[in-house]
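Okay, here we've got a single chain as C-alpha coordinates, the form predicted on its own, with questions on binding and movement later.
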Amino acid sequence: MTAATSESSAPRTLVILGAGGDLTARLLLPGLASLLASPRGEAVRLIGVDRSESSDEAWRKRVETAFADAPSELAEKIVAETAYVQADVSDSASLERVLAAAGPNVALYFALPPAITLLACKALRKLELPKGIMLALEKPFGTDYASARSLNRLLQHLVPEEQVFRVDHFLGKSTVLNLLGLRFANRIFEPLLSADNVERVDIVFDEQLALEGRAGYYDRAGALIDMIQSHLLLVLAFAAMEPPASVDAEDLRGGMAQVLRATRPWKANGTESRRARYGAGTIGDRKLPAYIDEQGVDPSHHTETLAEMTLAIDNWRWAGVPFVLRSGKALADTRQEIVFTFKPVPHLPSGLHGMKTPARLRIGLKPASLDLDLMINGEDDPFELDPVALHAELQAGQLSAYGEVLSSILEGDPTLSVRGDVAEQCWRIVAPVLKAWRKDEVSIDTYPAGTAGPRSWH
(Lines give C-alpha, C1' and ligand atoms only; values in the text may rest on other atoms or scores of the structure.)
Protein backbone atom coordinates (compact mmCIF):
# COMPACT_ATOMS: atom_id res chain seq x y z
CA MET A 1 0.00 0.00 0.00
CA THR A 2 1.50 3.37 -1.04
CA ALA A 3 1.92 6.36 1.21
CA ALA A 4 -0.81 8.17 -0.73
CA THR A 5 -3.41 5.49 0.00
CA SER A 6 -5.95 6.34 2.66
CA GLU A 7 -5.99 4.28 5.85
CA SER A 8 -9.73 3.81 5.38
CA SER A 9 -10.77 0.31 4.38
CA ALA A 10 -13.74 1.65 2.41
CA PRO A 11 -13.60 1.44 -1.40
CA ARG A 12 -12.03 4.43 -3.13
CA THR A 13 -14.58 6.99 -4.32
CA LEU A 14 -13.88 8.45 -7.74
CA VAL A 15 -15.36 11.94 -8.03
CA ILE A 16 -15.44 13.34 -11.58
CA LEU A 17 -15.56 17.13 -11.60
CA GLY A 18 -16.92 18.06 -15.01
CA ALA A 19 -19.04 14.93 -15.34
CA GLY A 20 -21.16 16.43 -18.10
CA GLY A 21 -18.24 17.04 -20.45
CA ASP A 22 -16.95 15.27 -23.55
CA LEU A 23 -13.84 13.92 -21.80
CA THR A 24 -15.97 12.07 -19.26
CA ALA A 25 -18.27 10.45 -21.82
CA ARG A 26 -15.64 9.68 -24.47
CA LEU A 27 -12.65 8.57 -22.38
CA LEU A 28 -13.06 8.47 -18.60
CA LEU A 29 -16.18 6.34 -18.27
CA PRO A 30 -15.16 3.84 -21.00
CA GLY A 31 -11.69 3.70 -19.39
CA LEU A 32 -13.25 2.92 -16.03
CA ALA A 33 -15.39 0.24 -17.66
CA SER A 34 -12.31 -1.44 -19.17
CA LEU A 35 -10.66 -1.43 -15.74
CA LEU A 36 -13.70 -2.92 -13.99
CA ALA A 37 -13.97 -5.69 -16.61
CA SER A 38 -10.29 -6.64 -16.22
CA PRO A 39 -8.66 -8.86 -13.57
CA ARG A 40 -7.36 -5.65 -11.96
CA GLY A 41 -10.86 -4.28 -11.35
CA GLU A 42 -12.05 -3.78 -7.79
CA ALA A 43 -14.93 -2.11 -5.98
CA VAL A 44 -15.16 1.65 -6.38
CA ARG A 45 -17.80 4.29 -5.80
CA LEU A 46 -18.52 6.87 -8.52
CA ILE A 47 -19.88 10.38 -8.11
CA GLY A 48 -20.44 12.79 -11.01
CA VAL A 49 -20.26 16.53 -10.35
CA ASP A 50 -21.20 19.38 -12.68
CA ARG A 51 -22.82 22.81 -12.66
CA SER A 52 -25.77 21.79 -14.79
CA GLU A 53 -28.97 20.62 -13.18
CA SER A 54 -29.49 16.87 -13.50
CA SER A 55 -30.63 13.86 -11.52
CA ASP A 56 -29.09 10.65 -10.23
CA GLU A 57 -31.17 8.74 -12.76
CA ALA A 58 -30.01 10.79 -15.76
CA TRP A 59 -26.38 10.47 -14.67
CA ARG A 60 -26.88 6.74 -14.06
CA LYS A 61 -28.08 6.31 -17.66
CA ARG A 62 -24.96 8.10 -18.96
CA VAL A 63 -22.74 5.78 -16.97
CA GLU A 64 -24.68 2.71 -18.07
CA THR A 65 -24.35 3.71 -21.74
CA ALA A 66 -20.58 4.23 -21.38
CA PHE A 67 -20.22 0.84 -19.65
CA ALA A 68 -22.17 -1.06 -22.31
CA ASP A 69 -19.09 -2.23 -24.25
CA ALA A 70 -17.36 -3.68 -21.16
CA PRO A 71 -20.03 -5.20 -18.91
CA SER A 72 -19.06 -6.74 -15.57
CA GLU A 73 -20.53 -7.35 -12.13
CA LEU A 74 -18.47 -4.48 -10.73
CA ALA A 75 -19.76 -2.17 -13.45
CA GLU A 76 -23.37 -3.14 -12.71
CA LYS A 77 -22.82 -2.39 -9.03
CA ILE A 78 -21.37 1.05 -9.82
CA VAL A 79 -24.28 1.89 -12.11
CA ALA A 80 -26.75 0.94 -9.40
CA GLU A 81 -25.05 3.03 -6.71
CA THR A 82 -23.58 6.02 -8.58
CA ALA A 83 -24.82 9.49 -7.67
CA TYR A 84 -24.82 12.98 -9.16
CA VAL A 85 -24.08 16.22 -7.30
CA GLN A 86 -24.83 19.62 -8.78
CA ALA A 87 -22.09 21.98 -7.66
CA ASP A 88 -20.00 24.99 -8.62
CA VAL A 89 -16.46 23.63 -8.35
CA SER A 90 -15.01 27.12 -7.95
CA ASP A 91 -16.95 27.56 -4.70
CA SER A 92 -15.45 26.20 -1.47
CA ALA A 93 -18.83 25.51 0.14
CA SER A 94 -19.94 23.49 -2.89
CA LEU A 95 -16.72 21.45 -2.89
CA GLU A 96 -17.10 20.84 0.86
CA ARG A 97 -20.51 19.34 0.12
CA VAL A 98 -18.99 17.14 -2.63
CA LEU A 99 -16.25 15.87 -0.30
CA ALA A 100 -18.80 15.10 2.40
CA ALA A 101 -20.76 12.97 -0.06
CA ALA A 102 -17.59 11.17 -1.18
CA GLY A 103 -16.35 10.10 2.24
CA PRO A 104 -12.76 9.71 3.47
CA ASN A 105 -11.14 7.62 0.71
CA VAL A 106 -11.48 9.82 -2.34
CA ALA A 107 -9.88 10.66 -5.69
CA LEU A 108 -10.89 13.93 -7.34
CA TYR A 109 -10.61 13.89 -11.14
CA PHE A 110 -10.58 17.38 -12.66
CA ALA A 111 -12.17 16.76 -16.08
CA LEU A 112 -12.28 20.52 -16.53
CA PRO A 113 -10.70 23.29 -18.63
CA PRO A 114 -7.38 24.48 -17.13
CA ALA A 115 -8.79 27.82 -15.96
CA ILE A 116 -11.63 26.12 -14.06
CA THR A 117 -9.23 23.56 -12.59
CA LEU A 118 -7.15 26.44 -11.22
CA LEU A 119 -10.23 28.01 -9.61
CA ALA A 120 -11.21 24.67 -8.08
CA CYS A 121 -7.74 24.19 -6.59
CA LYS A 122 -7.87 27.67 -5.08
CA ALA A 123 -11.26 26.82 -3.58
CA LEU A 124 -9.88 23.55 -2.14
CA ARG A 125 -7.14 25.48 -0.34
CA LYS A 126 -9.80 26.87 2.00
CA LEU A 127 -10.86 23.35 3.06
CA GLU A 128 -9.41 20.61 5.22
CA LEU A 129 -8.90 17.78 2.76
CA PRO A 130 -9.29 14.08 3.62
CA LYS A 131 -6.05 12.27 4.39
CA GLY A 132 -4.77 10.40 1.35
CA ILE A 133 -6.94 12.25 -1.17
CA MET A 134 -5.70 11.96 -4.78
CA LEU A 135 -5.96 14.99 -7.10
CA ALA A 136 -5.97 14.03 -10.80
CA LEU A 137 -5.43 16.90 -13.25
CA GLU A 138 -5.74 16.78 -17.03
CA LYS A 139 -3.26 18.49 -19.33
CA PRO A 140 -2.30 21.16 -20.09
CA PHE A 141 -0.59 21.85 -16.78
CA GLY A 142 -0.48 25.61 -17.01
CA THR A 143 -0.16 27.67 -20.17
CA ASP A 144 3.58 28.37 -19.99
CA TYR A 145 6.58 27.77 -17.73
CA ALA A 146 5.63 30.48 -15.21
CA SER A 147 2.00 29.37 -14.88
CA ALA A 148 3.05 25.71 -14.53
CA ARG A 149 5.36 26.68 -11.65
CA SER A 150 2.57 28.72 -10.07
CA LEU A 151 0.10 25.82 -10.35
CA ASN A 152 2.63 23.42 -8.83
CA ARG A 153 3.20 25.75 -5.87
CA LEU A 154 -0.56 25.89 -5.30
CA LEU A 155 -0.81 22.09 -5.39
CA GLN A 156 2.03 21.81 -2.87
CA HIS A 157 -0.15 23.70 -0.40
CA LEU A 158 -2.95 21.16 -0.89
CA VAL A 159 -1.33 17.71 -0.78
CA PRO A 160 2.10 16.05 -1.05
CA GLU A 161 3.47 15.59 -4.58
CA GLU A 162 2.82 11.83 -4.52
CA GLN A 163 -0.92 12.56 -4.13
CA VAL A 164 -1.02 14.72 -7.29
CA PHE A 165 -1.66 12.75 -10.47
CA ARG A 166 -1.00 14.86 -13.58
CA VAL A 167 -2.68 12.80 -16.26
CA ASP A 168 -0.98 12.12 -19.54
CA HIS A 169 -2.74 9.15 -21.11
CA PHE A 170 0.29 8.55 -23.36
CA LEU A 171 2.09 7.22 -20.28
CA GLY A 172 -0.68 4.64 -19.98
CA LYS A 173 -0.20 3.33 -23.50
CA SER A 174 1.16 -0.19 -23.34
CA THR A 175 3.60 0.48 -26.19
CA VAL A 176 5.19 3.43 -24.41
CA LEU A 177 5.56 1.27 -21.33
CA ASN A 178 7.01 -1.47 -23.54
CA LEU A 179 9.94 0.87 -24.19
CA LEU A 180 11.19 0.11 -20.71
CA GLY A 181 11.34 -3.63 -21.27
CA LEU A 182 12.62 -3.29 -24.82
CA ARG A 183 15.49 -1.00 -23.85
CA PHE A 184 16.51 -2.28 -20.45
CA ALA A 185 15.96 -6.04 -20.73
CA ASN A 186 17.79 -6.59 -24.04
CA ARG A 187 21.55 -6.24 -24.35
CA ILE A 188 21.21 -6.11 -28.13
CA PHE A 189 19.44 -2.73 -28.04
CA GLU A 190 20.67 -0.71 -25.09
CA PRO A 191 24.38 -0.50 -26.12
CA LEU A 192 23.33 0.57 -29.63
CA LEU A 193 21.15 3.46 -28.52
CA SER A 194 23.71 6.24 -28.09
CA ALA A 195 25.51 8.93 -30.05
CA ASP A 196 28.18 6.40 -31.08
CA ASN A 197 25.68 4.56 -33.27
CA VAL A 198 22.59 6.72 -33.81
CA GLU A 199 22.41 9.36 -36.53
CA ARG A 200 19.04 10.83 -35.49
CA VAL A 201 15.84 9.99 -33.66
CA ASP A 202 12.33 10.81 -34.93
CA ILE A 203 9.24 10.73 -32.74
CA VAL A 204 6.15 11.11 -34.92
CA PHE A 205 2.44 11.32 -34.23
CA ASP A 206 0.66 12.05 -37.50
CA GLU A 207 -3.09 11.49 -37.73
CA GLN A 208 -5.83 11.66 -40.33
CA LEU A 209 -8.28 13.22 -37.89
CA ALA A 210 -8.87 16.94 -38.41
CA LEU A 211 -10.26 19.47 -35.94
CA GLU A 212 -13.35 17.31 -35.16
CA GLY A 213 -15.22 20.12 -33.39
CA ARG A 214 -12.47 20.93 -30.88
CA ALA A 215 -11.87 24.54 -31.95
CA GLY A 216 -12.62 25.89 -28.48
CA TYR A 217 -9.47 24.24 -27.12
CA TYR A 218 -7.32 23.49 -30.15
CA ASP A 219 -7.37 26.94 -31.75
CA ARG A 220 -5.64 28.34 -28.66
CA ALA A 221 -3.20 25.45 -28.35
CA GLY A 222 -2.13 24.11 -31.74
CA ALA A 223 -0.08 21.04 -32.54
CA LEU A 224 3.02 22.13 -30.63
CA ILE A 225 1.28 22.51 -27.27
CA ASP A 226 -1.43 19.89 -27.80
CA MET A 227 0.95 17.07 -28.72
CA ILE A 228 4.67 17.87 -28.62
CA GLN A 229 4.82 19.83 -25.37
CA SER A 230 2.50 17.54 -23.47
CA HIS A 231 2.89 14.06 -25.00
CA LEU A 232 5.88 13.58 -27.28
CA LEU A 233 8.42 15.08 -24.88
CA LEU A 234 7.40 12.41 -22.39
CA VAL A 235 7.86 9.74 -25.05
CA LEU A 236 11.31 11.24 -25.69
CA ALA A 237 12.09 10.90 -21.98
CA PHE A 238 11.29 7.16 -22.09
CA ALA A 239 13.27 6.70 -25.31
CA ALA A 240 16.37 8.58 -24.14
CA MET A 241 16.56 8.20 -20.34
CA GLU A 242 19.33 6.33 -18.56
CA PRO A 243 18.50 2.88 -17.11
CA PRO A 244 16.68 3.44 -13.80
CA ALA A 245 17.42 1.33 -10.72
CA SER A 246 13.75 0.23 -10.70
CA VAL A 247 10.43 1.14 -12.26
CA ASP A 248 9.11 2.46 -8.97
CA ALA A 249 7.70 5.97 -9.16
CA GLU A 250 10.71 7.73 -7.61
CA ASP A 251 13.32 6.08 -9.84
CA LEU A 252 11.35 6.19 -13.07
CA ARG A 253 10.15 9.76 -12.79
CA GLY A 254 13.55 10.87 -11.59
CA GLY A 255 15.12 9.40 -14.74
CA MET A 256 12.59 11.22 -16.92
CA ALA A 257 13.29 14.53 -15.19
CA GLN A 258 17.04 14.06 -15.56
CA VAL A 259 16.97 13.63 -19.34
CA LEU A 260 14.46 16.45 -19.87
CA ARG A 261 16.64 18.85 -17.87
CA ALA A 262 19.37 18.11 -20.43
CA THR A 263 17.04 18.73 -23.40
CA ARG A 264 16.90 22.00 -25.35
CA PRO A 265 15.94 23.30 -28.80
CA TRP A 266 18.64 22.55 -31.39
CA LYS A 267 18.98 26.30 -31.92
CA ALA A 268 18.65 28.45 -28.83
CA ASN A 269 16.30 30.89 -30.57
CA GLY A 270 13.80 28.15 -31.49
CA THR A 271 14.08 28.63 -35.25
CA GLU A 272 15.05 24.98 -35.89
CA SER A 273 11.34 24.28 -36.13
CA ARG A 274 8.55 24.23 -38.69
CA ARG A 275 4.82 24.84 -38.61
CA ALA A 276 1.94 24.54 -41.04
CA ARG A 277 -1.83 24.27 -41.16
CA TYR A 278 -4.11 22.35 -43.47
CA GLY A 279 -6.06 23.79 -46.34
CA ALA A 280 -9.11 22.32 -48.02
CA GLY A 281 -8.72 18.73 -49.14
CA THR A 282 -10.06 15.19 -49.05
CA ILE A 283 -9.31 12.32 -46.67
CA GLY A 284 -10.95 9.11 -47.80
CA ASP A 285 -14.54 10.03 -48.57
CA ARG A 286 -14.49 13.14 -46.37
CA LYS A 287 -14.12 16.61 -47.85
CA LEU A 288 -12.55 18.98 -45.36
CA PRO A 289 -12.58 22.77 -45.39
CA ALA A 290 -9.40 24.71 -44.77
CA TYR A 291 -8.53 24.94 -41.09
CA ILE A 292 -9.19 28.68 -41.03
CA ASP A 293 -12.72 27.99 -42.34
CA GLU A 294 -13.54 25.44 -39.63
CA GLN A 295 -16.31 26.48 -37.23
CA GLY A 296 -14.95 28.31 -34.19
CA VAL A 297 -11.49 29.03 -35.64
CA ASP A 298 -10.06 32.56 -35.43
CA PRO A 299 -7.58 33.00 -38.34
CA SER A 300 -5.77 35.74 -36.42
CA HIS A 301 -4.47 33.12 -33.95
CA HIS A 302 -2.20 31.65 -36.68
CA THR A 303 -2.74 28.24 -35.12
CA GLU A 304 -0.67 25.42 -36.60
CA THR A 305 -2.07 21.94 -37.24
CA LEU A 306 1.35 20.46 -38.05
CA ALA A 307 4.41 21.15 -35.93
CA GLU A 308 7.99 19.93 -35.97
CA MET A 309 10.91 20.85 -33.75
CA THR A 310 14.46 19.57 -33.46
CA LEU A 311 15.98 19.04 -30.02
CA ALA A 312 19.40 18.36 -28.58
CA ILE A 313 20.12 16.39 -25.40
CA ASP A 314 23.25 17.66 -23.70
CA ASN A 315 24.53 14.54 -22.00
CA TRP A 316 27.16 11.87 -22.60
CA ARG A 317 24.82 9.40 -24.30
CA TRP A 318 23.11 11.70 -26.79
CA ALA A 319 25.41 14.67 -27.43
CA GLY A 320 25.14 15.73 -31.08
CA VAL A 321 22.14 13.55 -31.98
CA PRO A 322 19.12 15.48 -33.30
CA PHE A 323 15.76 14.40 -31.88
CA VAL A 324 13.01 15.48 -34.29
CA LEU A 325 9.50 15.62 -32.83
CA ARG A 326 6.57 15.97 -35.23
CA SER A 327 2.80 15.91 -34.90
CA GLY A 328 0.04 16.92 -37.26
CA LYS A 329 -3.64 16.61 -38.17
CA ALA A 330 -5.53 15.98 -41.41
CA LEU A 331 -2.60 14.15 -42.99
CA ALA A 332 -2.60 11.41 -45.60
CA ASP A 333 -1.62 8.61 -43.25
CA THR A 334 -1.72 7.77 -39.57
CA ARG A 335 1.86 7.35 -38.36
CA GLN A 336 2.71 6.93 -34.69
CA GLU A 337 6.24 5.72 -34.11
CA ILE A 338 9.72 6.23 -32.71
CA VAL A 339 12.49 5.78 -35.28
CA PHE A 340 16.18 5.40 -34.40
CA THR A 341 18.23 5.88 -37.58
CA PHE A 342 21.69 4.32 -37.28
CA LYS A 343 24.93 5.69 -38.64
CA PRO A 344 26.56 3.89 -41.59
CA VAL A 345 29.07 1.17 -40.73
CA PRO A 346 32.56 2.68 -40.36
CA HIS A 347 33.90 0.61 -43.25
CA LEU A 348 32.17 -1.57 -45.85
CA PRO A 349 34.57 -4.15 -47.29
CA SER A 350 35.38 -3.52 -50.94
CA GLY A 351 33.31 -5.73 -53.19
CA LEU A 352 30.11 -5.49 -51.14
CA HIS A 353 27.60 -3.07 -52.56
CA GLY A 354 23.93 -2.20 -52.48
CA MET A 355 23.60 -0.32 -49.14
CA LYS A 356 21.45 2.59 -50.26
CA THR A 357 19.44 3.33 -47.11
CA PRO A 358 20.45 3.54 -43.45
CA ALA A 359 19.35 0.88 -40.98
CA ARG A 360 16.55 1.84 -38.62
CA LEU A 361 14.91 0.59 -35.46
CA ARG A 362 11.20 1.45 -35.63
CA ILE A 363 8.97 1.19 -32.58
CA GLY A 364 5.34 1.56 -33.61
CA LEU A 365 3.07 3.15 -31.01
CA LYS A 366 -0.11 2.34 -32.90
CA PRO A 367 -0.24 -0.38 -33.98
CA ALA A 368 2.24 -1.70 -31.42
CA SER A 369 5.14 -3.16 -33.37
CA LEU A 370 8.90 -3.44 -33.67
CA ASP A 371 10.96 -3.44 -36.89
CA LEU A 372 14.75 -3.71 -37.10
CA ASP A 373 16.50 -3.28 -40.46
CA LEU A 374 19.32 -5.63 -41.42
CA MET A 375 21.46 -5.98 -44.55
CA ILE A 376 21.97 -9.51 -45.85
CA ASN A 377 23.58 -11.04 -48.91
CA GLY A 378 21.28 -11.13 -51.91
CA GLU A 379 19.93 -14.36 -53.37
CA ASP A 380 21.10 -13.76 -56.95
CA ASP A 381 24.38 -11.99 -56.21
CA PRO A 382 26.01 -12.77 -52.84
CA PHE A 383 27.93 -9.50 -53.01
CA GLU A 384 24.79 -7.42 -53.53
CA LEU A 385 23.34 -6.48 -50.15
CA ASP A 386 19.57 -6.53 -49.72
CA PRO A 387 17.64 -4.94 -46.85
CA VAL A 388 15.33 -7.06 -44.71
CA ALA A 389 13.39 -6.20 -41.58
CA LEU A 390 12.94 -8.28 -38.46
CA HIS A 391 9.35 -7.69 -37.38
CA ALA A 392 7.51 -8.34 -34.12
CA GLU A 393 4.06 -7.44 -32.87
CA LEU A 394 4.21 -5.96 -29.38
CA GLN A 395 1.67 -7.01 -26.81
CA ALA A 396 -1.26 -4.72 -26.18
CA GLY A 397 -2.17 -4.12 -22.56
CA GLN A 398 -5.31 -5.42 -20.88
CA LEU A 399 -6.55 -1.88 -20.32
CA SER A 400 -7.14 1.16 -22.44
CA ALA A 401 -4.80 4.09 -21.79
CA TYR A 402 -7.38 5.76 -19.54
CA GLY A 403 -8.11 2.44 -17.85
CA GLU A 404 -4.40 2.23 -16.96
CA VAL A 405 -4.41 5.81 -15.69
CA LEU A 406 -7.55 5.32 -13.58
CA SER A 407 -6.12 2.14 -12.10
CA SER A 408 -3.06 4.07 -10.92
CA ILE A 409 -5.19 6.89 -9.50
CA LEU A 410 -7.49 4.55 -7.58
CA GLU A 411 -4.52 2.60 -6.22
CA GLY A 412 -2.73 5.81 -5.21
CA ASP A 413 0.27 4.91 -7.38
CA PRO A 414 1.97 7.96 -8.97
CA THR A 415 4.31 6.00 -11.29
CA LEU A 416 2.45 6.99 -14.47
CA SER A 417 1.83 10.54 -13.29
CA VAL A 418 3.73 13.51 -14.71
CA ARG A 419 5.81 14.88 -11.85
CA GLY A 420 5.64 18.61 -11.23
CA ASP A 421 9.21 19.39 -12.29
CA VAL A 422 8.76 17.32 -15.47
CA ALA A 423 5.70 19.39 -16.43
CA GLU A 424 7.74 22.55 -15.91
CA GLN A 425 10.65 21.24 -18.00
CA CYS A 426 8.33 20.48 -20.92
CA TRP A 427 7.20 24.11 -20.97
CA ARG A 428 10.80 25.34 -20.68
CA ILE A 429 11.87 23.25 -23.68
CA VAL A 430 9.20 24.59 -26.06
CA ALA A 431 9.31 28.20 -24.83
CA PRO A 432 11.94 29.44 -27.38
CA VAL A 433 9.95 27.90 -30.24
CA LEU A 434 6.69 29.50 -29.08
CA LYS A 435 8.48 32.84 -28.78
CA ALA A 436 9.95 32.57 -32.29
CA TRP A 437 6.56 31.69 -33.74
CA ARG A 438 4.78 34.56 -32.01
CA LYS A 439 7.39 36.94 -33.46
CA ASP A 440 6.85 35.36 -36.93
CA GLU A 441 10.50 34.33 -37.13
CA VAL A 442 9.27 30.98 -38.49
CA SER A 443 6.80 31.17 -41.38
CA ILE A 444 3.58 29.16 -41.28
CA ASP A 445 3.21 26.92 -44.33
CA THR A 446 0.09 25.26 -45.71
CA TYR A 447 -0.73 21.79 -47.00
CA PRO A 448 -3.88 20.31 -48.52
CA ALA A 449 -5.77 18.09 -46.08
CA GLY A 450 -5.11 14.46 -46.94
CA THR A 451 -1.50 14.97 -48.02
CA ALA A 452 1.81 14.26 -46.29
CA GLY A 453 2.33 17.92 -45.39
CA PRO A 454 3.81 20.93 -47.18
CA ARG A 455 5.64 19.92 -50.34
CA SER A 456 8.66 22.01 -49.29
CA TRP A 457 9.10 19.77 -46.23
CA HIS A 458 9.60 16.52 -48.16
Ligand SMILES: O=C1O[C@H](COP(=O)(O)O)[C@@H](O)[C@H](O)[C@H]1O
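Worth saying up front: this structure is predicted, and the values here are computed from it rather than measured. In case it trips you up, residue 1 is the first one in the sequence shown, and so on.
The discussion below concerns the form predicted in complex with the named molecule, not included here.
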Legend entry - Open vs blocked, site of the named molecule as found in the predicted bound form, superimposed, 2.4 Å to backbone or C-beta: open
Legend entry - All of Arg51, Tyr84 and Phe110 with a heavy atom within 4.5 Å of the named molecule in the predicted bound form: no
Legend entry - Contact stretch among 279-287, 74-82, 199-207, 338-346 - heavy atom within 4.5 Å of the named molecule in the predicted bound form: 199-207
Inset, instruction - Please check if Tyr217 has a heavy atom lying within 4.5 Å of any heavy atom of the named molecule in the predicted bound form. - result: yes
Inset, instruction - Classify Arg166 as contacting or not contacting the named molecule in the predicted bound form by the rule of any non-hydrogen atom within 4.5 angstroms, answering yes or no. - result: no
Inset, instruction - Answer for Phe238 alone: is it within 4.5 Å of the named molecule in the predicted bound form, judged on heavy atom distances? - result: no
Legend entry - Heavy atom of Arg362 within 4.5 Å of the named molecule in the predicted bound form: no
Inset, instruction - Identify which of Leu124, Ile313, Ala148, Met227 has a heavy atom within 4.5 Å of the named molecule in the predicted bound form; exactly one of them does. - result: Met227
Legend entry - Option touching the named molecule, based on a heavy atom within 4.5 Å in the predicted bound form, out of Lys329, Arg326, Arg253, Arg275: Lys329
Inset, instruction - May I ask you to list the residues of 134-170 that have any heavy atom within 4.5 angstroms of the named molecule in the predicted bound form, in sequence order? - result: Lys139, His169, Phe170
